[in-house]
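Single chain ahead, by itself, as structure tokens, in the form predicted on its own.
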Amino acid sequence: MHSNLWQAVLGEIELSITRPNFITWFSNTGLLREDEDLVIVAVPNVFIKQQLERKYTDLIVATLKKNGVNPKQLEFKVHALAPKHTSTTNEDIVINQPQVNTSPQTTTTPQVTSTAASPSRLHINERYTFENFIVGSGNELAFAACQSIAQNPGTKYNPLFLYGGVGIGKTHLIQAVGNAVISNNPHAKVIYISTEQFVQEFVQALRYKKAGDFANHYRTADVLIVDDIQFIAGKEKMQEEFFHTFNSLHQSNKQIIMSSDKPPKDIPTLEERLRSRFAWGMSIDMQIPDFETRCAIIQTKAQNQDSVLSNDVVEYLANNVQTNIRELEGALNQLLAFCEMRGLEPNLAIATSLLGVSKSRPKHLSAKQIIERTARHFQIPVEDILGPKRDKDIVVPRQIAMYMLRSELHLSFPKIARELGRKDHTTAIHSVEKIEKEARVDNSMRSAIADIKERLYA
């Protein structure tokens, strides 16, 4: 009864929303309770609970009504769902399982075959799984694409090219694909390697005349995952070797996954034949996590350490570490370690006193620094940004500087205009609105803004 009802509901919902959204928000959901007063839906983590409550409550209720259930109340509950191959003793739990292997949310080690049983698992960190990856607006497309690849590697999105700034989860996500593939097929040859290590192995192969062994090792992979591929640029022999490896794998319908800090078209000194091949499949821009995602990350990381943080502490951390998940986790660990050693409960006062001096926005950050950093990024003199020139290669950096003054220092529009040597503050309003709009659709614009922020807060 429960199983048929929830499958019917999910079937209708899948037809009414996009496939990536369905995979992201409704995979791993189940039905815990259903009666005339209350329906409780099981979800794997706090973030998905919040998103379903905010975006999909009305759709779920309406779909339940179509299937003869009209509850007075709908609730979402974080619940450890049993994996597909494990029977559960609770017959009231109905799980909508995706084709990839899943494990309970509270489990930090994925249910994959051990290294001893799977010698083809090379360099993959078993802690990186889909289950402990926090999905948000900046990475939901990448997450959905990776899940799809894990189900059927080599059939679509091949190659997959993920790009974005430092510390936003690229490495976690691409290794999660490898772990999921091995869960489904323990005999699959899945290789994860950083470009730096890839280059070192190639050099050693040339030195000891084992280039054939090197090529055979990588060209017989079922899934090849290469991290930080931008570092292959400028290395001619390495690019030629990777070109042939890429062609061999792609023609054999083997999956290729790459990550980079920038899209293929923006990687300098990259051979054109590689640049075009990198863009054959799907290229996805992973963006800095938004406020809600940062809150979810903090809550999940704290929960994994058996700690519960109040909302004000969570929001304080999320507000003060904005550009890098690694820094966010580092700030959380610093807070939890400090409190554990002293037998204290984490609170806002402790967080403020402990982390206030290491906020991501430095206390000394000024309008002058933002303008100078923007000018340096675009390799133009500061005087041109502040001057009257209207050339496009000067106007756009000037508009970005205005946008940064607004987003980072929250200056008023008249103040922004004065900082840039403008008399009319409507110019600042127009510039900020223009950059906000373009940043939503232009990858290069988002990349420029992210790079400027990262260097300001370094």
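Since the model is a prediction, treat every value here as computed from it, not as a measurement. In case it trips you up, residue 1 is the first one in the sequence shown, and so on.
What comes next is about the form predicted in complex with a small molecule, which is not displayed.
Of the listed positions (Val166, Ala337, Leu354, Val78), a single one reaches within 4.5 angstroms of the small molecule by any non-hydrogen atom in the predicted bound form, namely Val166. Only one of Ile325, Val313, Ala145, Leu270 comes within 4.5 Å of the small molecule in the predicted bound form through a heavy atom, and that residue is Ile325. For Ile134, a non-hydrogen atom is located within 4.5 Å of the small molecule in the predicted bound form, even though that partner is not displayed. In the predicted bound form, Tyr128 approaches the small molecule with a heavy atom inside 4.5 Å. Contact check for Ile297: a non-hydrogen atom falls within 4.5 Å of the small molecule in the predicted bound form. The closest non-hydrogen atom of Asn179 lies beyond 4.5 Å of the small molecule in the predicted bound form. Between 167-175, 382-390, 198-206, 338-346, the stretch whose residues reach within 4.5 angstroms of the small molecule in the predicted bound form through a non-hydrogen atom is 167-175. Taken together, Asn139, Lys301 and Glu329 are fully in contact with the small molecule in the predicted bound form: each brings a heavy atom within 4.5 Å. Look at Arg440 and Arg275: in the predicted bound form their Cα atoms move 3 Å or more farther apart than in this form. Three angstroms is the minimum change: in the predicted bound form, the CA atoms of Ile297 and Arg440 sit closer than in this structure, by 3 Å or more.
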